[in-house]
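There is one chain below, alone, in structure tokens, taken in the form predicted on its own.
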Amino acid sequence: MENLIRTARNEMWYLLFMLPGICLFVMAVIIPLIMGARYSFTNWDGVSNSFGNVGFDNYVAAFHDPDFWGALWHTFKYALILTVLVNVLSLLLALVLDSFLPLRNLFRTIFFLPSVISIVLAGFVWSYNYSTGIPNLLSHFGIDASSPLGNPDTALFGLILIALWQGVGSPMIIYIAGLQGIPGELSESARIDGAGSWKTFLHVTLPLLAPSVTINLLLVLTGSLKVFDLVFVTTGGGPGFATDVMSTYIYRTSFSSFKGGYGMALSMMFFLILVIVTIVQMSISRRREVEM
């Protein structure tokens, strides 16, 4: 008992330093989450102060809502393709820029620069490029092109290219840091044993790079599942709802259709989906990590 009291006294200072952060987390996350869960069981219109309890009607309606499933499909399609492309491209860039390439620091800066631009600004820039810049450039070669954002079949891939251009810098830096933490003796030993460059990368570099892969997969996947600003400023969910993702659908339902209670129910369901996806992705990635 005396040891427990002594430990509590010793740890008290740490708890006091953590208290402001805990208070901010409760006010910014826990309380809004509880209030959102409460409103999801009501017919609140998102504006007035009056609402009635409707039980699980909003959740039942969501399961029968084709627009909800369409937006969820677009969200996962966007997130999965973007996660794969960002990680593959950033890993390739990291491998090249971690070698003895001349001017590699200059190239690192060039590839990282788009990451310091906000995604909203990137959306405006590429909307102009898609609609005016690239078609005018291609017209000099006799090629007639139009913006992919105006075509329902290509609009989502147009958004993915913008996010890929803007989002490849930070994962590249994480991969470079991971590569520089791998002892060179291990790769040298593999080469002495007769392993080629591909086998050395596959059996030595990649397993030791697994913690960086885990971090980048988590950051890119969760960030792309929550995409809102890029879609909102470029297509607004169009054309013909071809780029409507969960965030824009929840926004439109809550604030344009005045179905605040239904929007809260959609938010709660999407929150649970994000938690499940994150847990599954983390558990799979952690199993592939090895200790040096």
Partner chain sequence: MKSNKAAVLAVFSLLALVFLFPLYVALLMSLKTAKQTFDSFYALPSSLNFANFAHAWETSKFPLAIMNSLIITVLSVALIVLVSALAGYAIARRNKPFYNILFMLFLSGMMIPFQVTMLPLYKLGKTLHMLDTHWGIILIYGGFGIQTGVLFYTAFIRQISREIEEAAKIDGCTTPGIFIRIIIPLLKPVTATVIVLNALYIWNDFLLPLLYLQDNHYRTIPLQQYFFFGQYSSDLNLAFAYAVMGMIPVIVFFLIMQRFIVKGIAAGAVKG
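Definition used throughout: the rigid core is the maximal C-alpha set that superposes within 1.5 Å between two forms. Positions refer to the first chain, counted from 1. Note that the coordinates shown come from a computational prediction; the quantities given were computed from them, not determined experimentally.
Heads up, the form predicted in complex with its partner chain isn't pictured, but that's what we're talking about next.
Would A195 show up as a contact with its partner chain in the model of the complex if we use heavy atoms at 4.5 Å? Looking in the model of the complex, residue contacts with its partner chain do not include A195, since no heavy atom lies within 4.5 Å.
Under a 4.5 Å heavy atom criterion, is V54 part of the interface with its partner chain in the model of the complex? No, V54 is distant from the partner.
Does its partner chain get within 4.5 angstroms of any non-hydrogen atom of L101 in the model of the complex? Because a heavy atom of L101 falls inside 4.5 Å of its partner chain in the model of the complex, the answer is yes.
4.5 Å heavy atom contact, W69 and its partner chain in the model of the complex: No, W69 stays farther than 4.5 Å from its partner chain in the model of the complex.
Identify whether its partner chain in the model of the complex is within 4.5 Å of every residue in the set L93, I173 and M268, based on non-hydrogen atoms. Every residue of the spot touches its partner chain in the model of the complex.
I need the one stretch from 182-190, 70-78, 93-101, 202-210 whose residues put non-hydrogen atoms within 4.5 angstroms of its partner chain in the model of the complex. Of the options, only 93-101 has residues within 4.5 Å of the partner.
At 4.5 Å, heavy atom to heavy atom, what parts of 10-25 sit next to its partner chain in the model of the complex? List them in sequence order, or say none. N10, E11, W13, Y14, L15, F17, M18, P20, G21, I22, L24, F25 sit within 4.5 Å of the partner.
Post core alignment: S139 C-alpha displaced by 2 Å or more between the shown form and the other one: Yes, shifts by 2 Å or more.
Checking I279 here: with the core superposed, does its CA move 2 Å or more between the shown form and the other one? Shift at I279: below 2 Å after core fit.
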